[in-house]
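Here are two versions of the same chain, shown separately as structure tokens and labelled structure 1 and structure 2.
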Structure 1
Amino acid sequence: MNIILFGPPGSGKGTQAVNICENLSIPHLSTGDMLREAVASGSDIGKKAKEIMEDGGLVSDEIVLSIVKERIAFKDCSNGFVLDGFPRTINQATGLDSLLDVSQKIEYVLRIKVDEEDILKRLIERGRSDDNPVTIKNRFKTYNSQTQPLIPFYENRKILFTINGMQEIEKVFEDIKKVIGL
């Protein structure tokens, strides 16, 4: 089963990705983790990514797609995977489509929907250094401008499911299990 999980910062994507992966015995693929692994491995793609990241730039879609393509070719992805934090844009989504073969098509796109004001409070309370109101609002703004266009993109394919992320963690997971048939 191939799943995309998306939602704004603090929506619980990472927590739910772990729950899904444990239940389905499939890998959790975070593009941030994959980029760090590629850099650490010293691969050609990793070297390109490192150079860009060290200059403070955003890694191009081409590089991110190459890293995703490399990773989903691993044997542990043969029964599926959960993509967390990718795709973030229409360009990345169409690029993902082009690199997946028929047996790897995305079956579910789970959008964890949350109330931004409540999440703002939750993130500030958890007290991480990058969780200040200005930074959080900027992350929401980026998410909304880049990722919101993916909603109609996947709705048109009838694979987008919206999950209420304002519930207890266990209830959110129960709703996810109903959608994906666990």
Structure 2
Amino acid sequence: MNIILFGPPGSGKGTQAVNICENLSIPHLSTGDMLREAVASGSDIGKKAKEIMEDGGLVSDEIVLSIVKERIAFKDCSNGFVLDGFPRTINQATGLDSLLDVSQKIEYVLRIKVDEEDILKRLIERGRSDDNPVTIKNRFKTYNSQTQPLIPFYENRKILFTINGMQEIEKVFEDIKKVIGL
């Protein structure tokens, strides 16, 4: 099963991706984690990504598509995968289409819907380096301008399913399981 987890910052994409991947024994492909690893390793990609991530912007489509392309070609993705936090722009979504072969069709785009004000508290409590009020505000702005347009994009394909993310983690997962038939 090939799934995209989609939603604003702190909506619980990473949290639910772990649950789904454990249940289905498929890999978890988080572009946020991949980019944080690149930053930690000090690679060229990491150097380019660091400042953008600290500002709450989006790393270039070119960089993100190249790391996803490399990862999705691994053998462990042949039985399915969960994409967490990717695509985040229309350009990334069309880029993803061209990376996938016919057998790798995306079946579900799970949109986790949350209230922005409540999420601020969640993220500040987590305390990652980009979880400070200024960066969080920018991350939301970025989401609203660049990522929201993916909602009609996937709605048109009839693969978008909205999940209420303002519930306990276990309850959110129950709702996801119902949608994907687990």
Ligand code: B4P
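Predicted model only: the values in this text are computed from it and were never measured. Quick note, the numbers are simply positions in structure 1, starting from 1. For clarity, a rigid core is taken as the largest C-alpha set superposing within 1.5 Å between two forms.
Looking at the condition given, the form predicted alone, one finds it describes the source of structure 1 alone.
Once both forms are fitted on their core, the CA shift for Ile151 between structure 1 and structure 2 remains under 2 Å. Comparing the forms between structure 1 and structure 2, the C-alpha position of Asp44 differs by 2 angstroms or more, with the core used for superposition. C-alpha superpositions between structure 1 and structure 2 give a turn of 37 degrees for the smaller rigid part relative to the larger.
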